[in-house]
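One chain comes next, on its own, written as structure tokens: the form predicted alone.
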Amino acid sequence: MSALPTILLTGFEPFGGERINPSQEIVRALEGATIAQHRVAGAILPVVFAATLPLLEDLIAAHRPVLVLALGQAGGRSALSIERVAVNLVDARIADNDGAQPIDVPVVAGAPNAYFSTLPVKAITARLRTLGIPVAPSLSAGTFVCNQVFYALAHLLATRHPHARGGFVHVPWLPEQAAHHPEAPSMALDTMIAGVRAAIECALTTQDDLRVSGGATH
């Protein structure tokens, strides 16, 4: 019997003074799981501008996934954020874990200004809402390492791996993190794991996204 097709799920190590990163914990929980007859391969990326792109390229080449879902921490957000747009810009507000802080440079020189996620963003949002999981589409993945990975992923899929789909989901702080940030929102790890699992299943089983309004006025 042939091996199951692969989903590549990535998260990040802690950064910005935090001792834990929820994206890392979600990947650890789902590593090796079977979702919709696909196997999850997990990987933890460093929060280092110079290292993430070649590592992501190597991971896609090694696993040859049909779906890539990258996760990242977005402290201060109250819901899972299904990102729609990756921009070709690095403008670091803080230094990465190696002390680098690039400002106003492209992720990939000479590449398009932006890419859209190839995930069914609106369908995923609707699916998670039926499960009672706080979720919202997002039009900005920031300009730090999360957006860099999202853009690099989109560029790789568009130029070298067109058979695969991919996108990015930001997740809130865990309660133990929010305890150090007064009045900051958080989400339980089990809820985030359930949401990511449902997002993966929806992406694997939904070819065309929903035609419903998901825009914003500001």
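Residue positions are given as counts along the sequence shown, with the first one as 1. Treat the numbers as computed from the prediction; the structure is a model and nothing was measured.
Keep in mind that the form predicted in complex with a small molecule is missing from the display, and what follows is about it.
- The stretch in contact with the small molecule in the model of the complex, judged by heavy atoms within 4.5 Å, is 69 to 77, chosen from 98 to 106, 69 to 77, 84 to 92, 116 to 124.
- Every residue in the set 23, 144 and 170 has a non-hydrogen atom no more than 4.5 Å from the small molecule in the model of the complex.
- Although the partner is absent here, residue 27 sits far enough away that none of its heavy atoms falls within 4.5 Å of the small molecule in the model of the complex.
- None of the heavy atoms of residue 40 is located within 4.5 Å of the small molecule in the model of the complex.
- Interface residue remark: residue 47 is counted as part of the site for the small molecule in the model of the complex, having a heavy atom within 4.5 Å.
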